[in-house]
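A single chain, nothing else alongside it, follows as structure tokens in the form predicted on its own.
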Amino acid sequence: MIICVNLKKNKTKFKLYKMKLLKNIFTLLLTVLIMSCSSSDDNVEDLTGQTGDVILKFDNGVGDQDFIFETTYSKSNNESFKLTNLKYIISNIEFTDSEGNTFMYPSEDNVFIVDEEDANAAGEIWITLNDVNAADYVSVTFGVGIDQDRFALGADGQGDFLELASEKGMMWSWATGYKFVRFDGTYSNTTLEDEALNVHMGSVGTSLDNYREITLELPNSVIVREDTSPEIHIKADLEKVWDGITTATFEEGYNQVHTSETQTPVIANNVINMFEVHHVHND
């Protein structure tokens, strides 16, 4: 009889112990979960108000060759060319981050001339963008030339860029507009040698819009922070200007391209496909 009472007491104690143990385990797990959530929240980087610089490096080439002035390069149809002048207008640079948010560089400063004459010893032309919103960007978009909205601002609305474009020979006249690209040199084929080559493609006022935009996916994220200056290395393959979406042969008149409604759109569509991001540096 005594043994039976003791067994009941032991069972009751064990049950209470078990409940207390389960309660302690539950409390411990809840504490770990709360601490984990708190730690996760603490690790989220606050980028509010933070900005940094981004450098675009444009590197001109022809196929797998570096571009060098006065060097002869072969193209299709037994034609070749060499250039003494190579420049183009880049505008409306915009970045998209990993969550789909976009950052457009301020409009008044968002237009540049990439001029091979300005290249460094490595053959790169740098565009430095200051005060870009901090984020992890996965693509970059830019236009080749001047869009109609900017042109509609009139000569007075172009700011300092109008003077720069005039100095660089990237204007016809204000009524006609900007030259979006300028490639000058000579070409040769099986019957001709060192014939004049001048490709000055652009919109013609508002009657012919040859402005084009391209979006380039980045091979790895561009991490913009206040203490970093990431670099995006963009290769421009001049071979695609004439042997691109459409083959443009010099013998058929593409040695002289200016304001033609037929020729200039062909060059415009070929030009935007000459760009690719070679690599990205984050530092």
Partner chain sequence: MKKVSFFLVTLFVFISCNKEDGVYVPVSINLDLPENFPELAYDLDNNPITEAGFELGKALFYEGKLSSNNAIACAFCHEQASAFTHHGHNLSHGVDGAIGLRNTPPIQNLAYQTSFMWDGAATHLDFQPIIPITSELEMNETLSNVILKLEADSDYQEKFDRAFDDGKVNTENMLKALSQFMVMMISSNSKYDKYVRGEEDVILTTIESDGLNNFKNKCSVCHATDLFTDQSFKNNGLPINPTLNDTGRYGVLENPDDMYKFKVPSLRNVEVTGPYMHDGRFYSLEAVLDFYEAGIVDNGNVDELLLKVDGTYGISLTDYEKESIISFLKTLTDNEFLEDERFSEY
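Definition used throughout: the rigid core is the maximal C-alpha set that superposes within 1.5 Å between two forms. Numbering follows the first chain given and starts at 1. Keep in mind that what you see is a predicted model, and the values were worked out from it rather than measured.
Keep in mind that the form predicted in complex with the partner chain is not shown, yet the notes after this line are about it.
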item	value
G157: touches the partner chain in the predicted complex, heavy atom cutoff 4.5 angstroms	yes
Proximity of T190 to the partner chain in the predicted complex, heavy atoms at 4.5 Å	no
Interface membership of F103, the partner chain in the predicted complex, 4.5 Å heavy atom rule	no
Y178, heavy atom within 4.5 angstroms of the partner chain in the predicted complex	yes
Answer option from A134, M171, V114, L197, heavy atom within 4.5 Å of the partner chain in the predicted complex	M171
Partner-contacting position among S207, T128, T71, N77 - heavy atom within 4.5 Å of the partner chain in the predicted complex	S207
Options 198 to 206, 79 to 87, 179 to 187, 136 to 144; stretch whose heavy atom lies within 4.5 Å of the partner chain in the predicted complex	198 to 206
Stretch 127 to 155: residues contacting the partner chain in the predicted complex, 4.5 Å heavy atom cut-off	F151, A152, L153, G154, A155
Core-aligned C-alpha movement of A155 between this form and the one not shown, 2 Å or more	yes
